[in-house]
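Listed next as structure tokens is one chain, alone, in the form predicted on its own.
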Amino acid sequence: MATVTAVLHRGVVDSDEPILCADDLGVLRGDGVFETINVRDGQAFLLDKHLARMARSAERMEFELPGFSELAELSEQALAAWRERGTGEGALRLVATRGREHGGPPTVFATVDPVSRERILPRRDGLRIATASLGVDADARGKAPWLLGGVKALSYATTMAVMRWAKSQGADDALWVSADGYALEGPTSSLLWLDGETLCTTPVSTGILPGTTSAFLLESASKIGLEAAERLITAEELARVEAAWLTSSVRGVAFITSIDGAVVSQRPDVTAELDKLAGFEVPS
């Protein structure tokens, strides 16, 4: 199924039509924000939460994002075109750049793409993780707003580099670890782990990106008999927990099978409950 593309104030356009200028700051400097949202049955899961996070990211980067209603309308234009082509699992991406180098309004567009089987296999098979140093202490980004902790920015070169590095080490994904030894988050995912009857995640004060899927699971944890908490954990401690997961909007809930080669325990019963809570389909 081909990509659906919609542009703010223009609606759906041919996906092969150029929509960016050569001097767009999103291209030149990665100066912009984005969200990627799971689409099932033609609807975007937790769209309101994603739009709210996108607005916070733009505010942190000090450029004016179009209003909530405009972004919601743009999303629906793309989703309506997607529904006309079928209702398989998809990924809605909303992108907003600062605009052109010499001024003008933000460039804003949406795409919807099918989710490949490869992207969702970790729901079934799990992930082998390699730890990677973030290079700063766990509290550094909270003290240095220019590091853009908690912002989902377009400047993804470091993110893609660490993922390539992890694969070169024989791992499926990476886990950022602070210079003082604390496990933080994946390059494109949030970290969850089980401590007894408590579902835990990393405090947002460390500058992690507040995950929409992880937040939903934590808010819903009581439905499966668990408490929820934010706390710090070292990478060494994480390797000894009952179970751990990396969660993201499109990949879903992926259990961690090993960290730097050390086997991590599993709780398939809890994994199944988390999948059910968030409505993720596990491939056969």
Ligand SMILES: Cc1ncc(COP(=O)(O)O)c(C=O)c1O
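As the structure is a prediction and not an experimental result, all values here were calculated from the model. We number the residues from 1 along the sequence you see.
Not on display, but discussed next: the form predicted together with the ligand.
The single option of Thr131, Thr97, Thr212, Thr201 touching the ligand in the predicted complex, heavy atom within 4.5 Å: Contact with the ligand in the predicted complex is made by Thr212 alone.
In the predicted complex, the residue from Gly149, Pro187, Pro106, Pro122 that sits within 4.5 Å of the ligand by heavy atoms: The residue from Gly149, Pro187, Pro106, Pro122 that makes the contact is Pro187.
Residue contact check: Ser57 to the ligand in the predicted complex, 4.5 Å heavy atom: Flag for Ser57 set to no.
Trp165, heavy atom within 4.5 angstroms of the ligand in the predicted complex: Although the ligand is absent here, Trp165 would stay clear of it in the predicted complex, with no heavy atoms inside 4.5 Å.
Candidate stretches 67 to 75, 109 to 117, 178 to 186, 84 to 92, one within 4.5 Å of the ligand in the predicted complex by heavy atom: Correct option: 178 to 186.
Residues in 268 to 282 close to the ligand in the predicted complex, defined by a heavy atom within 4.5 Å, in order: Contacting residues: none.
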